[in-house]
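Presented below, as structure tokens, is a lone chain in the form predicted alone.
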């Protein structure tokens, strides 16, 4: 009796909501077309990239040779130099992240739909964020090196510029996603627009903003290593030099140092996020 009852119940629901229970001919064709388009784009991308399984298979053996050359990792008498450069990389990542976050916060408030009703200002700020974050950090590093010269200062400016665009978008979305009821409660008591934002929206958005800043500090540690290769200071400069001189054991040592630091930052930031927003650490 139970299977028969369930079958009749499903049939009744299907009769009342035909669009939700089964796909029509148009829906099937649309899904099939999207799948075929996706496969076609994948095939076109592999063709344009000159993907070759034979070359890939042969390259795996070459990768194994490089791995053997990197063993064991060795720093020699350069350990203190590498350690100092790694500290410089961390400083670049931290300063760039914090500067980008502090500069982006007020502009993200103006770009939030629930704070500023002016459409033109919000549109201009949103498109500015898109333009800035559309340029990779490495490109910003090359630009700032041309402006202020080689060194960590250019790296800080590059990360701060890139993060300004990213944080502006993320912070604005975090502010727009807050629960409107506390804001409406403050408004009902006669609070000003500034008080509505300060006591109603900002306390809800700050934990999310803090979590985003912590994540990007971890990500920017890797970015600071890359931009160091083009002359923006830090451990990346030494990494590029050791690759050019074929000192593969030094290369593996530098890469290992960066991996350890990123893992420690990831663990520390996960603990901080857990304390700030109650996120479960990984």
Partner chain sequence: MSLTLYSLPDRQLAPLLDAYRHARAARRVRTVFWAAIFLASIAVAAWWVRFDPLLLWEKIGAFTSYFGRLFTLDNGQPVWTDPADWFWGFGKWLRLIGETLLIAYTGTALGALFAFAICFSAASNLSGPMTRWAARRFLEFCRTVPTVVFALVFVLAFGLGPMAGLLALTVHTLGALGKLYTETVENIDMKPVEGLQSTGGGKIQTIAYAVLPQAWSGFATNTLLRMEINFREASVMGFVGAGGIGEQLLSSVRKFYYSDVSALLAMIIGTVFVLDMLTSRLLRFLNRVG
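Keep in mind that what you see is a predicted model, and the values were worked out from it rather than measured. Numbering follows the first chain given and starts at 1.
Just so you know, the form predicted in complex with its partner chain exists too; it's not on screen, but the next bit is about it.
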Taking its partner chain in the predicted bound form as the reference, which of 110, 193, 147, 71 has a non-hydrogen atom within 4.5 Å? 147
To verify the annotation, which of these, 210, 78, 94, 116, has a non-hydrogen atom within 4.5 Å of its partner chain in the predicted bound form? 94
Counting only non-hydrogen atoms and a 4.5 angstroms cut-off, does residue 122 reach its partner chain in the predicted bound form? no
Is there a heavy atom of residue 157 no more than 4.5 Å from a heavy atom of its partner chain in the predicted bound form? yes
In the predicted bound form, is there a heavy atom of its partner chain that lies within 4.5 Å of any heavy atom of residue 187, even though the partner is absent here? no
Can residue 127 be called a contact residue for its partner chain in the predicted bound form at 4.5 Å between heavy atoms? yes
Across 223-255, the residues having a non-hydrogen atom within 4.5 Å of its partner chain in the predicted bound form turn out to be 225, 226, 229, 230, 239, 240, 243, 244, 246, 248, 255
